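One chain follows as structure tokens, the form predicted on its own.
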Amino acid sequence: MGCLDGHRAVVTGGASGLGLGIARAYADEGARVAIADLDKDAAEAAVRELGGGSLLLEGDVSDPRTVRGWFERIEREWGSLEILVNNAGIIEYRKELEPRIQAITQEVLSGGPQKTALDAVSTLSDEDWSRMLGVHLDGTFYCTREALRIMTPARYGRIVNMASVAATMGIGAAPAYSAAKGGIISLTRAVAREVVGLGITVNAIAPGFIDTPFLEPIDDLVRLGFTAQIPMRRFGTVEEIIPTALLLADPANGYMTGQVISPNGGIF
């Protein structure tokens, strides 16, 4: 028997990378898993792989009507929901900043002073700012709101929000991403306090740099610069985040709530 036997879980952004790794781990522990993702083909492949009554929830996590439809379907077909993982996200990678990031990386790696101005905030568009917060922070809020409508009457739930070390240490080249993830941490703590007496725990994982398709656009020199900042001198793997995701979903782990766990190789 797995520790999640009989449980039902929704994993947003579950069609690839960290989300898919978490979905697989939950399914291996006996849970039925719904994959929510914008990439229909990848989500269909994930659902086929997981089997066991898994569901496909297609659409954009930043659209509240889409999200409401997902959870109405969950309630209609499953009747209940024990686990929500708010993992869906997009990367803030701006090609126009790449030459400046490379120059700063070379300056830092050479041990000299930084001479190049990054200008990440002053050149950030309203649209890019809004989209980043929409997917990460709004999406986490929308899914949490709908999940609580199911979990509260049942007096049980495990909500796991995906934050980032960007929220705790800040990433200069990704101000919108850092802000969105910081908002997720604050939302995690607020919701945890709200539902603390209802058998529902709400926690966050704040990974460091994890080697997933999410980071593929990063230039090799920039990756080298990031790696140099990590005491372990390497990016983490999906497999190294899975134990934390399992811990926070485990029904035996009922006394931990409002916490942020950060597997990050010692960078923060």
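Note that the structure is predicted; figures quoted are calculated from it, not measured. Start at 1 and count along the sequence shown; that's the residue number.
The discussion below concerns the form predicted in complex with a small molecule, not included here.
Note on contacts: among Glu240, Asp60, Asp28, Glu44, the single residue with a heavy atom within 4.5 Å of the small molecule in the model of the complex is Asp60.
Of the candidates Pro64, Pro213, Gly199, Gly53, Pro213 is the one whose heavy atoms come within 4.5 Å of the small molecule in the model of the complex; the others do not.
Residues with any non-hydrogen atom within 4.5 angstroms of the small molecule in the model of the complex fall in just one of 99-107, 73-81, 144-152, 128-136: 128-136. Shown here without its partner, the chain carries Leu38, Ile90 and Pro207, all of which come within 4.5 Å of the small molecule in the model of the complex through at least one heavy atom. Taking the partner from elsewhere, Lys181 is found to have a heavy atom lying within 4.5 Å of the small molecule in the model of the complex. By the criterion of a heavy atom within 4.5 Å, Tyr156 is excluded from the residues contacting the small molecule in the model of the complex.
Proximity of Thr244 to the small molecule in the model of the complex falls outside the 4.5 Å heavy atom cutoff. Proximity of Leu18 to the small molecule in the model of the complex: non-hydrogen atoms within 4.5 Å are present.
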